[in-house]
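First come two forms of one protein chain, each written alone as structure tokens, so that there is a structure 1 and a structure 2.
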Structure 1
């Protein structure tokens, strides 16, 4: 029976050409869109994780409640011991201490008077330790526009856009004016080692990046940090595992009422990141559902047109004693073969285009101007295992549903009517 149906499809290509083309186009779009959503939204999630939220973040309870204000007076203390404990308990994560701070960057003239100044959002990260991954994690080396990366204590990086606004060049000296951990005024001099551009408006608007030890000296935060962030060694966020780790860490502190007690939050428990992660999980389902409905409608119409043309064939088969149920089933079998063939072709084409975008990307930096949230400057797809089989779901379901809907007409036709059509 299978050989008979395949021969029929190969010899009468009008029965299979249009459905296969429709399925292939739909599957191609489904595969590409899934790779696009996984790539772009995944990159957005990971960028926010690397720069601000981490996959997991440890803060004091009071700091967590006022995180948007970056209250360094509520920062973690004895961070070295806490970091060592976290690395021992959760070795699948790489832990790093960071200090977020705000202040005023003052640029002096040759007489020491203020030439220009502007508000800055500062970040103290480990740039000088030989085993630190922070510079690579934030892609600082590739983001250098002028000058070089920080190599010595007392050096800083300024956002290129910010440095142009202040009229600062690499080698110039600037003064950071802010407040210490204890609330007193702080003024600390830095030499600009270089300028950076991340292609993200939220970062390029007014960022200063310094080594964490310099930040501690400037803000009087010895062995302290606003937060400890942990990132999975795999490079991708695992929400289920992250929640398990957070529960294991937080349980011993549940009865502790001290506002300086540490608390761990997952990526999805910070800001709007939970919505982004959930959207990434459900978008694949939406894509499949949309293409199943769209292709099923097209294939239903194609099946109706094909059925009208094949009523003569149906009449012969019924005259030979074939039952309507059997005839209906053979149409469904044919649709399965068509769906498999179209899904293979569409998946191959979809993966090809997804691979091109994954390698070369599409620059969208111009569209991100003015955005307060961090988005990647280029759209890149990410091909995963799911992309190799996700197209078969709409490909098979759509062809089967379309054929089932079109084939209902067989039961509405009387055998005598089909004979008359045959005679005509």
Structure 2
């Protein structure tokens, strides 16, 4: 019988085409929507992860306690060994050392005397290792206003506004006056490679970004770093796994009283990120629930419409003596096929679009004045396993329920009136 029904569906396009299209569009929207909400909601979290917290972060205990003051005298030492250990033990994360520092950027005139000077907040990140992903992570390339990204040792990026204030152009040399890990004054020359825009006043006013090796040289932090951040290779935060990793890492140090012993913190253990993650999860579920309900209603309606479309056909079939029960059953079977086919097609197309938007993003930079590091120029979707099945819930069930309800009408048809209807 199944074959017969399928044949019917294939041959009578009005029976199959429009309902499948409707289901597919609905499912596609649902899948895309879910990926979009996950991406949109997760974006805030991922941005925090990329810029400050990492998915996991290793610091010394003393540094962690005074993190707000960026106390480089309390930084991690022997970082390369630690990084190697982390990469070996937790290869699902990409580990990167970072140094934050404060100082003055001093611009010389032609005689080497100070021409202008300004307080700076610095960030030393791995820009030059061939396998480093830091530049992409911080969206640096897209935020370049003038010049180019750091390509050689001894180069620096300045916040655009800061460079204007100092009167510096790409290619100029500036001196960073900072304080070493031991508190000595230090001076280090950088050539300005380019300028970037952050979109946040506090950062635009005085930020300098340099390669971490330069920062180490400048601040006498040989093989040291304020923090080691780890980001999941998947690109997305996984709280459960992160907590597991942090626990595994921290346990051996529990007995250790050394205030310079490393400590690992997950994203959710830093600041109020934990609550934020929880909240966004809950709200993501609410929004998707609203949407799924709406879609179920639409598909239900589509089921009803499908039933009506075939009003005449049912009349003929009943007139020919087909059992009402049989008719109803075949109707349900058909709707299952339609639901499955529509959900498949819809999920496939939805995933395709979601993948596109995950890769390229929806460009919203037109709404902003130029692109900035702290403001994503594009909104991205994020495909999770949920997306592979979420469309089937409304796609299949709503279609079946719609058909079931519409089909009840069959039982209300009176055989005596059938011929009258058919005559018309």
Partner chain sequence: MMINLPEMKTITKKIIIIILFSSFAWFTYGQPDANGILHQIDENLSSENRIFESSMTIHGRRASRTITSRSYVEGDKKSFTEYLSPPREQGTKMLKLENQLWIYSPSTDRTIQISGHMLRQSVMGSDLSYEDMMDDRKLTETYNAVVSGSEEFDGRTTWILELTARVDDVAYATRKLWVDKERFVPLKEELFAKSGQLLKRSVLSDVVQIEGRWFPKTIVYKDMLKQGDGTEFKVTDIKFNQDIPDYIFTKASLKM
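What we label the rigid core is the largest C-alpha set whose atoms superpose within 1.5 Å from one form to the other. Residue numbers count along the first chain shown, from 1. Here the structure is a predicted model, which is why all the values come from computation and not from measurement.
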| property | result |
| --- | --- |
| Between structure 1 and structure 2, the form predicted in complex with its partner chain | 2 |
| Threshold 2 Å Cα movement between structures 1 and 2 at residue 230, rigid core reference | no |
| Core-aligned CA displacement of residue 60 at least 2 Å between structures 1 and 2 | no |
| Exceeds or equals 2 Å, Cα of residue 347 between structures 1 and 2, core fit | yes |
| Distance the CA of residue 37 travels between structures 1 and 2 [rigid core superposed, Å] | 5.6 |
| Core superposition result - C-alpha of residue 336, shift between structures 1 and 2, Å | 16.2 |
